[in-house]
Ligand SMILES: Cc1cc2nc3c(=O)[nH]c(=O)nc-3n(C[C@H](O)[C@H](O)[C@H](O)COP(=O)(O)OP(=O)(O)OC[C@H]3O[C@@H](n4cnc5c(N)ncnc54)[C@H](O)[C@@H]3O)c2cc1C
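Just the one chain here, the form predicted alone, laid out as C-alpha cells.
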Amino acid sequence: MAIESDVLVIGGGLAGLTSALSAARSGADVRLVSYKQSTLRNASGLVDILGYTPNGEGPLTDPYDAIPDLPSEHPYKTVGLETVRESMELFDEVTPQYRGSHTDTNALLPTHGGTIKPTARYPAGASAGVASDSRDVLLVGLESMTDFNAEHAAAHLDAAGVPFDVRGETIRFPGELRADAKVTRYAKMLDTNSEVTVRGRKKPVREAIAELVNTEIENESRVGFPAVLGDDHTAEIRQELGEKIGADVFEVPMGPPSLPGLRLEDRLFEALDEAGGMFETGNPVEDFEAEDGHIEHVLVEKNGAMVPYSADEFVLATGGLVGKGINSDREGVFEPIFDCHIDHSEDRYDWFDTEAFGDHPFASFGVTTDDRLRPLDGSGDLEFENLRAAGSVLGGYDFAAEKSGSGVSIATGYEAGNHAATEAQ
C-alpha cells in the first residue's frame, strides 16, 4: 500500500524545504523525502537574491531593481518579481535570527577568504561585520582552523579598499582539541562554556578566549571570529565575548561544513514541523510510475525494498550538478529520477569554455519549465502534468556567478509549493 499525501517534495535543501513549507502553510498535506544531507550544511548561511547580473555587472545595490532586465529563461522571470518579494517575506517570517529585511538593498559581508560578498539576508551573528560600517576590525583566527587565515583575510579586505582599518591575529583555542576537530566541537564547548585549563588554572572557555583576544586587540571596536560561536546559544556567546572584550563581536561566514548553514537548516525543518508538514531523510527516490502524463507514485528504497509514495502533486527539488539532481556521462546530461529533458549540446566540448573563468554553458544546465514550473520536454510539451521543479535543478541561470542561488531556491520553491497545494486541494 502506498504512503499517501497531497504534495510530495523530493529534496531537503533550501528549495525543497521552502516548497514543502509554502504548501503546508497553504493547507496541503505535505511530505518531504530526502536522501542525502542538505547542501545547506555546506553553504555559508548567507541568503543571496542577486549579487551580479549575468553579464558580470555588480555588485548590485538593489537586486529587485535588476530582476526585470534578466533574460527570459531566468527562473526569476518565470516566477515574477512579486513572487520573489513574497517568498522573501515567508523566509523572513520563519527566520527571525536573520537580518536584512528592512531594506531592498544588498549588504556587503566579509568572507573567510577576505572578499566582500553582496547578500540580501544574513544571520544576526554576522551583522556587526558589514563592510559599510566604518569602525575598525580585528579578525581573530584559530591555530587549529586552517580554513580561516585571519592575517590573509585582513590583507585581502584592506586591498579591496574597505572603509575601515582591518588586521588579523591568530590565537590558540583554549582546551584540548584535535587539529582536525569539527566545527561542531568548537560550538559545543562554547555552548556549554566548558572549563579549560590555561597556565595551570581552570576557567570557562569563553572567559579564556576573551583574555587571549584582549592581549591582541588595540583600538578596534569590532572583532570577527570564524563562524563557530555556538549552535544553541550563539547570541549569548557573542554578547558575553563582546562584553569581556569591549567590542562588538561577529562571525565571519565560513566554507563547508558551515555552522550558519546548519543553523538555517535546523530552523527551516522546525518551521516545516510547526506548519504540519512531514519529512523523512536517508531514503532515495529510485523510480516512478506514471500513466498518460500523470505521475501516480514514486518508489523510495527502504531497507532494500521499494516503497510506493503517492501524491496528487510532486515537486522536484533535488539540486543541480553539485547536488546530483542533474547527472552527466559520456552519453549526455540527464535528470536521474524522472528523466526530465536537459537542453545541452551533443558535443561535450561545447559544455565548457577553455578559459578557467570563462562563460561555461554547463553552469546553466537544468530543467526548462512552463510558467507554473512544470518541466518541459525537448519539444516544449509538458513532461508530466503534476510535476514541478524548483531550485538549482532548474536551468537558465548561473547561480555561482550571479550570487543568486539562495534567492532562486526560495522563490521557485515558494511558487512550486503554492501551485502544488492549489492543484492538490
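We number the residues from 1 along the sequence you see. All values reported here derive from a predicted model rather than from experimental measurement.
Absent from the display: the form predicted together with this ligand. The rest refers to it.
Asks: Decide whether residue 285 counts as a contact residue for this ligand in the predicted complex under a heavy atom distance cut-off of 4.5 Å.
Replies: Although this ligand is absent here, residue 285 would touch it in the predicted complex, with heavy atoms inside 4.5 Å.
Asks: State yes or no: in the predicted complex, is some non-hydrogen atom of residue 46 no more than 4.5 angstroms from a non-hydrogen atom of this ligand?
Replies: Yes, residue 46 sits close enough to this ligand in the predicted complex that at least one of its heavy atoms falls within 4.5 Å.
Asks: If you check in the predicted complex, is residue 323 within 4.5 Å of this ligand, heavy atoms only?
Replies: Yes, contact at 4.5 Å.
Asks: In the predicted complex, is there a heavy atom of this ligand that lies within 4.5 Å of any heavy atom of residue 319, even though the partner is absent here?
Replies: Yes.
Asks: Please tell me whether the candidate spot formed by 75, 334 and 369 is one where all three residues come within 4.5 Å of this ligand in the predicted complex (heavy atoms).
Replies: Heavy-atom distance to this ligand in the predicted complex: none of the three under 4.5 Å.
Asks: Where, among 53 to 61, 22 to 30, 369 to 377, 386 to 394, do residues come within 4.5 Å of this ligand in the predicted complex by heavy atom distance?
Replies: Contact criterion met by 386 to 394 only.
Asks: Out of 32 to 49, which residues reach within 4.5 Å of this ligand in the predicted complex, heavy atoms considered?
Replies: Going through 32 to 49 in order - heavy atoms within 4.5 Å of this ligand in the predicted complex - the hits are 33, 34, 35, 36, 37, 38, 39, 40, 42, 43, 44, 46, 47, 48.
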